[in-house]
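Only one chain is included here, represented as structure tokens and corresponding to the form predicted on its own.
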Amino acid sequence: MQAELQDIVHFYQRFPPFDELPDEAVSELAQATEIAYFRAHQDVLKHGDPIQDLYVIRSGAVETYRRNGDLYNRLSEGDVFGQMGLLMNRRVRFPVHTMEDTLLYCIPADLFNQLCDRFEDFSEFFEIEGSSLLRNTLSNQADNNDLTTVKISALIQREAITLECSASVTAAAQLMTEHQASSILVTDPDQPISSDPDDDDGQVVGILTDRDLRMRVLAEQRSSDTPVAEVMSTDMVLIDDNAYVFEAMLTMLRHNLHHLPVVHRRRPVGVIAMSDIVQHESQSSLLLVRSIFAQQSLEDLTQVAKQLPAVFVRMVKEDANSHMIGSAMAVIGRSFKQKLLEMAEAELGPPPLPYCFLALGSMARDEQLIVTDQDNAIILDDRFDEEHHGEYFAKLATFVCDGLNACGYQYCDGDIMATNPEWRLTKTQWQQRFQQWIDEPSPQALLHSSIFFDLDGVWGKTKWAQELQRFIALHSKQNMRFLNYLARNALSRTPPLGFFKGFVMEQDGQHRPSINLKRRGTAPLSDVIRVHALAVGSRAQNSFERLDDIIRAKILPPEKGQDLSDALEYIAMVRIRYQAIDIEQGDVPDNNIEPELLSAFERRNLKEAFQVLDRAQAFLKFRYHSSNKPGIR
């Protein structure tokens, strides 16, 4: 084979979809390839013109455009164009213009069609375009991941054993003995189903366990005729049978549960025990959380924290998706906080007033990764008096924040921590503060909104956090002026479009050109999603769950919600994978990626994900512009 042909063969074998073709097909392709050269700023293809070749960029870069003149894509070495025209009446669909001197390989249309007919993967590469390709990639990843495809219903060993709340404890004990069960679900047929769609308690009103019978019946010498309703546990957590196993696992860890009732359309279908989860799941994150709660000193806790990078890498290797990893890391982070608060109360004595310790930002959204700092605050009882109670809560906050820092959760540079008296407020003061931010959206208020509007109760009166979530959802939805300002603020961080050619590159810690996938990708995506979520009154904190509410509300063009979900998942997973690589190589993980480390496949999908963000920001600018919304106050 001539050297020129060998060079073309080697080039094709480096890039998809040609790298999946057999050697003889690549040789055939190389022999049929013609070469074209265009100077910078020349038209390669014009809309509507006949097209006879598929084009592969050997060197240089081009831009493709939509019919209305809007930029559609930027392509560089190894990328292809012209396929849409070949697949649709052989007319150019997307005009192409060179950005610099460009050398092209031209593959005849007939050979292109033959390859599509002979090789399914080759054909699918071209038939699945843009965001569809991104979605297909994520789908394939999910298909290979047992954790994301197994529903909790698969772990249910038998139907739910239920008893009405008016039955006696003797009847309950007999039923449990008959079924050899350690728990039963208690129902109340007269209990009306709440009209609140977020309240998914259905007809299950309680759970009765062996422990309840021992401690609340036998130990208290109650009568055998005692109604079950008097001794059952009512403060329970339910999970829908459509949930995934990992969601059940995280729910049980978060609430320290041994039994988790499973419901279908508010009807009980079974109970999952922790032993069921342990048997099914990887135990790594489970064991770490359990180990956290077993420690008795801060020094021991810091030793346990050293396992966190290994747990993170293990989850990545198990092909967990970003939602799973973000949730698991957030649960682990909450566990450190809870243990530190337990230690603080043991050292300082019982708190003089009820309080709620808050997690903010990524931890509250269940999107925490290995590179993170601490954002937290405290809600105090309205009876709080600085003179009498201030010293206790200042010491408690210092104990927790210092402990978190010792465990690897760095202090917040912006001082968004409970050690700052500004973020230790009473319930009423917090409502006033949020109301002020919503009514007077100054730049500082908008900055705080992007942090404090993602909140979750970690310790103490966690229901106060839920009350604040409801307050924020209700008052934000009603204030279009605030949403307009928040939308404008969400446009401040743009995607690095221009990427490999004319790209927005930044300097990483080693002063190398890189892309910050958090600052330019996941963070602005979360900002966009938060604006839409507040607009529809969503109380969800996680970005994917917010997107579910947004899609149901139908405020986005068709399929754009799913595009946003795919883009967030893909950028987050690239960020996660390269953080895991840094850890394994002994480097300090960060949020930067150097483009030369990415494969051609990753570059293609990452570009599409950034373009989804770009289009989402354009829509945000349109939808939340004052002239598009009548009656703005």
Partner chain sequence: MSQSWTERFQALEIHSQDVRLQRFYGAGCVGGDTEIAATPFVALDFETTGLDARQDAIVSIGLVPFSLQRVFLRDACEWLVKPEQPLQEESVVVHGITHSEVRSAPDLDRIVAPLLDAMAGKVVVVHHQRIEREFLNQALLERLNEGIEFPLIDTMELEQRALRARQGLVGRLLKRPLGSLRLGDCRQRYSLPFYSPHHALTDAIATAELLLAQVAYQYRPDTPVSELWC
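Bear in mind the structure is a predicted one, so any value in this text is a computation, not a measurement. Here, rigid core means the biggest group of C-alpha atoms that superpose within 1.5 Å across both forms. Numbering follows the first chain given and starts at 1.
Absent from the display: the form predicted together with its partner chain. The rest refers to it.
Contact with its partner chain in the predicted complex, judged as any non-hydrogen atom within 4.5 angstroms, is confined among 159 to 167, 113 to 121, 232 to 240, 98 to 106 to 98 to 106. Of the residues Arg66, Arg577, Lys46, Arg39, just one reaches its partner chain in the predicted complex with a heavy atom at 4.5 Å or closer; this is Arg39. Shown alone here, Ser599 lies farther than 4.5 Å from its partner chain in the predicted complex, counting heavy atoms only.
When contacts are judged by a 4.5 Å heavy atom cut-off, Leu606 does not count as touching its partner chain in the predicted complex. Put simply, Asp582 is far from its partner chain in the predicted complex: not one heavy atom of it is within 4.5 Å. For the chain shown alone, Asp590 is not a contact residue for its partner chain in the predicted complex, no non-hydrogen atom being within 4.5 angstroms. If you take 44 to 59 and check each residue for a heavy atom within 4.5 Å of its partner chain in the predicted complex, you get Asp53, Tyr55, Arg58, Ser59, in sequence order. Core-superposed comparison between the shown form and the other one: the CA of Val26 exceeds or equals a 2 Å shift. Relative to the superposed core, Asp548 undergoes a Cα shift smaller than 2 Å between the shown form and the other one. Relative to the superposed core, Val588 shifts its CA atom by less than 2 Å between the shown form and the other one.
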